Structures are given as C-alpha cells and as structure tokens.
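Let's start with one chain on its own, the form predicted on its own, as structure tokens.
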C-alpha cells in the first residue's frame, strides 16, 4: 500500500505559500477570517450536490458535513453588517465528487465583500488570483470576458434563455454527446452538460476566462437583472464564473438580500417557521437583521494550485486525497 502523500515536497511548499498569500492579501484589506461549523443540522440548498450524512454510534442522524460555509457566513454578516468583508479558508465536503479534478474533501476560499457589486466581485477575484500567481512565480495571465448567451449561440447554435429541453437535447446529440439514460434530465441539466462538454473545452489554455449572463434558472442565491440579448430584454442571474484554461476556479454572486425571495428559492415559501436548523436560522437572520448588499465568491484552492502549477490531477496538489487518506 502506498503510504506516501500524493503531493511532492515542492508542491507542499507551494501549497503552504499559496494559502499564506491568500490570507495575507485579504487580511491587508481589513477583512476578518471566520470559522464555520463543518457539521450542520439541515440539508443544503443545492439539489445537485450530494452531502455526507453523519450519524451517531446508535444510528441517530446528527446532520451533514457542510458543502459550503455560505449560510454561516451570511448570518455573521447579517449580525455585523459594518464588517468590510469576511472570509473562510478551510475544508468543505461533497459526496460523489471524485476524479482528476474532484476530491470529496477539498479546500475552499469563500469570501463576502460588503457593498460590492458584481463588477467589483470580479475584480477582487482576478486580483486575488493574480496575487497567488505572483507568489508562485507565475506571470499575470490574460483575461477574456465572455457572455453566456453568445457562447451558446457560437458553439451550440441556440439561444440558451428560451431553448426548450428538446432543442438542448438535439444540440447535445449533434455535438456527439450520447447518454445511456436521459429521461431524468431537466432543462438546466442539459445546459450544464453543453457548457461543460462543448463550451468549456474551447477556453484558451493559460488564460483566465470570466463568464457572466447565466440564465435566471441558475441564479441560486444571486440577484436577478435584466439585459438585452438578440434584441429582446432577458432576465439573467447576476453571477459570474472564472476559469483558468478549462478548469473552473471561482463562482461568484451579487448576493440576493430579499428574505421572501430567498425563502422561495429554498423551497420554504410561506413556511419559514417550518424550515429546520441551519436553514431556519439563516432565513431568520435575513428577515430580522437583513443581509447588507455584498458579493460572495467561492474559489477552489486545490483547483487554483492545479492551474498555477500545471498539474493535471488533484491528487498531485493535496497531501492526502481521498484515495490516500
């Protein structure tokens, strides 16, 4: 049995340097590093993310390992809205995510910048990535900005804001994508599939690509805004993603602050009192103290290290990936 770490000695040094750089850069802004509970007592809000369930020795359910510190961090910001920003740098857990780019336990840097809009959130993210590159001896990468709608028109020949499920399925078929069973695929599943298998592979290696203009159905906890696309007004999510080459590095929102709309998206519209645990505490925070205007960004630290060092397997940048733990 191979007992050695997957990361080389040099990679461990660079990993430590990267984490120190991220902390120092955000500390210099006067932001506060916070701890978030790893064990939460209610389901998460992302239906496509599988959680690790935790049980006590007698089989009693004890909650789930968090897939994101988001709800905890927003509760802190609701309680202390005068904070200029706060961040979390630590582990998160997602069951079923395993592969050369995924590990069930990975390191996330998540931050909330008070008073920022989407443009500011993008600039803060790029600035942090460039600072990380500099500390690891990498020159600043060129940045390309792309819109979701034109990307789908260019590579899939359709309008992603109005295309129906059958049109998306046909576009996937024409792109050579075959699925053994697509009966459970929803419209957003097809959009995600086309994005990941047709569009993302076209992003230039060695370049940072910023994508904005995601459909409103993929807003999650982002505000909605109206933008013109192909001559008509379209409602989109105020959200961005940043890729390093073809590797997704960061995902950011101009955060939703409306408690009623937030409850609706969490599926507890009109029944906030019936929401449980962590989710209920989060909704109470929004309803009673409110969330200040802010942007929130989640950045995969392992992914960032992979991209900055040219690694093609996450096992090369983590001391002990799941297969070695």
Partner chain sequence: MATYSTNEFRSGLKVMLDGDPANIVENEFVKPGKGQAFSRVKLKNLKTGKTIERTFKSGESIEAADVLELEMQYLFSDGEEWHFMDPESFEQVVATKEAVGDSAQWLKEQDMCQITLFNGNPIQVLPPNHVELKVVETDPGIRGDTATGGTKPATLETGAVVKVPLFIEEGEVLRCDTRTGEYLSRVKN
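Nothing here was measured: the structure is a model prediction, and the numbers come from that model. Residue numbers count along the first chain shown, from 1.
Heads up, the form predicted in complex with its partner chain isn't pictured, but that's what we're talking about next.
Contact with its partner chain in the model of the complex, judged by any heavy atom within 4.5 Å, is made by just one of 115, 96, 139, 206: 96. With the partner omitted from this view, the residue of 268, 54, 49, 32 that lies near its partner chain in the model of the complex is 49 [heavy atom within 4.5 Å]. Proximity to its partner chain in the model of the complex holds for none of 75, 254 and 279, with the criterion being a heavy atom within 4.5 Å.
Screening 126-134, 144-152, 178-186, 85-93 for residues having heavy atoms within 4.5 Å of its partner chain in the model of the complex returns a single hit, 178-186. Contact annotation for residue 196: at least one heavy atom lies within 4.5 Å of its partner chain in the model of the complex. In the model of the complex, residue 192 approaches its partner chain with a heavy atom inside 4.5 Å. Its partner chain is not shown here, but in the model of the complex it comes within 4.5 Å of a heavy atom of residue 102.
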